[in-house]
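This document starts with one chain, in the form predicted on its own, laid out as structure tokens.
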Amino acid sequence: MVDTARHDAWSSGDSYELYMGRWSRRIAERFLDLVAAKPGLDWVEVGCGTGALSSAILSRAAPARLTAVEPSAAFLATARAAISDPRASFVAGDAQALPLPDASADILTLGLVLNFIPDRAQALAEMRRVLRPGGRLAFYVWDYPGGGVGFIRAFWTAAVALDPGAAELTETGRFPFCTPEGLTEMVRSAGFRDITVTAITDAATFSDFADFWRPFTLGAGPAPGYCASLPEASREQLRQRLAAELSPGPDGAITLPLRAWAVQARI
């Protein structure tokens, strides 16, 4: 059996920025506009990564305090180097055993993280524990089943055409619950109420094919991890297939859709 998580290599903050971080930041701003939280609240962010959502919270949501929890030492180092705001603290920890007191957050948020947590039920139970009575859970995930990350969908479509075994590694197959129905049921089963799911749409524009291709060669994330694992000849075959299949604009730019599902709920 293929180990579908073996390419989930998220250890390099700089590589992640090129692959997903630059698009995550744009979705984060749209997400916070949707949440529309009042100022002066205590926020907890689970899985802060390189700090895309953290930066947006600090600049747009006027929190009293932001505690960001992240298991990767490399990501924590990147976030700490990028964010010096005194309201923010970055803590090493796991979503399934949050190193935080009971009832210590008004809002608990995750950006593009929940689907990568092995035991999501346990993580959601921990989030309930950390939230204060009436507190709000607010998170977003990519619409993987619906092709909501166009550049990832394009990569895997080409990869599977050349290597059918790669189908077991695709996010579409691994995260089928990333739909409004699946997310609602997951959150409801964890004991939350007043659940809403809203689409956030945008687009990823790459200046040219080289800009599109380079992040896939750096190994940070499932698709780049798979790409980096290929023999040189197979990787070149994949590159050529993608170059032939993608449709650049008159200026050589490549634009592909982005769509995430934003979920909000209360305890």
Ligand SMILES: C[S@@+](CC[C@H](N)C(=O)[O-])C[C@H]1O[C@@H](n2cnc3c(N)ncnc32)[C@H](O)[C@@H]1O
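When you see a residue number, it is the position in the sequence shown, counting from 1. Please read these numbers as outputs of a predicted model, since none were measured by experiment.
One more form of this protein should be noted, the form predicted in complex with this ligand, which is absent from this view; the next part is about it.
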| query | finding |
| --- | --- |
| Proximity to this ligand in the predicted complex (heavy atom, within 4.5 Å), stretch among 162-170, 108-116, 82-90, 179-187 | 108-116 |
| Partner-contacting position among 157, 72, 122, 104 - heavy atom within 4.5 Å of this ligand in the predicted complex | 72 |
| Contacting member of 66, 200, 227, 52, with respect to this ligand in the predicted complex [4.5 Å, heavy atom] | 52 |
| Exercise: residue 139 in contact with this ligand in the predicted complex, heavy atom 4.5 Å | no |
| In the predicted complex, residue 48 touching this ligand (heavy atom, 4.5 Å) | yes |
| Heavy atom of residue 130 within 4.5 Å of this ligand in the predicted complex | no |
| This ligand contact at residue 15 in the predicted complex, heavy atom, 4.5 Å | no |
| Residues of stretch 193-223 in contact with this ligand in the predicted complex (4.5 Å, non-hydrogen atom) | none |
